[in-house]
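For reference, the chain that follows is the form predicted alone, supplied as structure tokens.
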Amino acid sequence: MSIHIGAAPGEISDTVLLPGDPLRAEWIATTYLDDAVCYSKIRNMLGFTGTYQGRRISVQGTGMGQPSLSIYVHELLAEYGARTVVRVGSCGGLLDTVAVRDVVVAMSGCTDSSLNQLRFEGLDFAPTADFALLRGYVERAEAAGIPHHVGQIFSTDAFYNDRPELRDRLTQYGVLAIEMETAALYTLAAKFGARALSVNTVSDNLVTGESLPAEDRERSFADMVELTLATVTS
């Protein structure tokens, strides 16, 4: 039993979806999983396990930011035997071609966090997705006609950033979008020999100023989650 999740052995599947918002975890579980059971309420960071088309699936909230996600993902991988972990989140587009409602499939994650600089003693580690998961998701997105982009995402430690020039530099180098979790997820998956993918619905675009209305976010998020479930259960 881990400190922050507190589930008993066997209560968590080896395949876990990771929304940041614990209420999103509850929504995924109640909407898509049969016989979903809540295995954790510690700090209200909800986690659930149920079945999807006969396959056992867990959904665990992670909170916002790489330090918070790292706690939950580390415990899932180190103490509960999770082997496939997929972030289902939101992001802000950094290119004018990355429109709201599109999905960004993160091939790799760059970051301004010092977590990996400390871990690797100054070495620039390049955290990347599991190729089979990435390919499977992209093939399903293409078949479903869902607009998507595949490439690098930026995981920042600061939601409110005093360096607008950094955003411009990332744009110049073709970074697709910004969020706060992916680089840590991919790093931990590499450490524990697990498979990881991060897929993110574009909720706003920092270049065009376009923003997805709140009432439209659930449907766009649902499309992304359905593709994710199809990918991890194939």
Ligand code: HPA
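Residues carry their position along the shown sequence, with the first being 1. Values in this document were obtained by computation on a predicted structure and should not be read as measured data.
Heads up, the form predicted in complex with ligand HPA isn't pictured, but that's what we're talking about next.
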Flag F120 as yes or no: does it have a non-hydrogen atom within 4.5 angstroms of any non-hydrogen atom of ligand HPA in the predicted bound form? no
Does the 4.5 Å heavy atom contact test between C91 and ligand HPA in the predicted bound form come out positive? yes
Ligand HPA contact in the predicted bound form: V207, any heavy atom under 4.5 Å: no
In the predicted bound form, does L188 come within 4.5 Å of ligand HPA, counting heavy atoms only? no
Consider the chain as shown here, without its partner, and state which of I178, A194, A36, I28 has a heavy atom within 4.5 Å of ligand HPA in the predicted bound form. I178
Of these, 28 to 36, 198 to 206, 43 to 51, 168 to 176, which stretch puts a heavy atom within 4.5 angstroms of ligand HPA in the predicted bound form? 198 to 206
Going by heavy atoms, what in 142 to 156 lies within 4.5 angstroms of ligand HPA in the predicted bound form? T156
